[in-house]
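Shown here is one chain on its own, the form predicted on its own, set out as structure tokens.
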Amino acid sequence: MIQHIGILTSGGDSPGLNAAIRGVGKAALGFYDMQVIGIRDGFRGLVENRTMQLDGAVLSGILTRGGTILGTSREKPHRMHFNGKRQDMTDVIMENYQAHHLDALVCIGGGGTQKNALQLMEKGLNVITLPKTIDNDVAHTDTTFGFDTALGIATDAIDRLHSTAHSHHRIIVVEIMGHRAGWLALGSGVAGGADVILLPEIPYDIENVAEAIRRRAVGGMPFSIVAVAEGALPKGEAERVHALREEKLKASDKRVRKQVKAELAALEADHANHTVALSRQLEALTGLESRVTILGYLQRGGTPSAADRLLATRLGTACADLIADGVFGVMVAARGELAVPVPLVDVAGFKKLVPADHPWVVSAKRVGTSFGDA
């Protein structure tokens, strides 16, 4: 019988984390009579043995709160900054797992968390995960909690930027989060009526983007909203990044891999400079003033939406059910209205990216939105 479970949140903060903690915790405590501890600041807290008891009083009232009551970090168990250097702290995690008499560890996070959890599973821990990220890029789940809230925030921002673009006859380039996945820029761009949407999955030609904006101006609309995902790149740069990623995967020599990784990081790192450069190019090519708005961490903050609270609660309680049934080594995925266990080996290391023929893309093109690809 499962008696003690631990819960941690890892990676970037996201709306719905507290709702998920509450869903797992309340079901485990009230329905299955388990003991639940929270681990502070992700995997680092498990190494440093920093925990808190999660009881009814602690879990009460957190459903609507943004962020995470447990704190979070991006530390990896096998490459953790400790005592001034990177160390593999997996064995310490194993010891502390045993010291707290844990029967299961719930790891709530995005793609990186799924990979870290898989490594702990392979070491013998009973691990189960929940998919969290505003980027919506975790594989094998319909959606991740945090996405809907961020989608609403980004859409609201685009709505507000329309009035400034219209009043001043300007191009407004709004940068939206998402790393290598364009779900957030695509969804908010469609919902907010952006005139151009640029995604990492669809490399763009700057001349095509400028031509779409010029056509609008000739048609009596001398303003445009350009929604650009932070990972979007023009065709030449995108081809170089793709080639480097392939080279990195194939490289057997550590020095070569390190060099490729450094070049890749330099190309991908400074999203703000890409967006500013894009804005200046469009200004030169169209003759219209262009301004940049970078939404940044605004998209990750605040009260979770009703949809995210519902999703996090649904997946959280299903997580408690699976733990009680002794099902481990899985991520609890959303499939329609069901919560389905998916093996971590099928999730870790994979990203859910936007297909070029996705219905959202098709619909956007039907209403005249440019993706800069034609």
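Everything numeric here is computed off the predicted structure, so don't read it as measured data. Numbering starts at 1 and follows the sequence shown.
Heads up, the form predicted together with a small molecule isn't pictured, but that's what we're talking about next.
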> Which of these residues, Arg170, Lys115, His179, Arg214, gets a heavy atom within 4.5 Å of the small molecule in the predicted complex?
Replying inline: His179
>> Just to confirm, with a 4.5 Å cut-off on non-hydrogen atoms, which of Thr133, Thr129, Ser188, Ser224 contacts the small molecule in the predicted complex?
In response: Thr133
> Heavy atom to heavy atom, is Arg74 within 4.5 Å of the small molecule in the predicted complex?
Replying inline: yes
>> in the predicted complex, does Glu230 come within 4.5 Å of the small molecule, counting heavy atoms only?
In response: yes
> So in the predicted complex, does any heavy atom of Arg300 sit within 4.5 Å of the small molecule?
Replying inline: yes
>> To test your reading of this chain, name the stretch in 248-256, 79-87, 139-147, 171-179 whose heavy atoms come within 4.5 Å of the small molecule in the predicted complex.
In response: 171-179
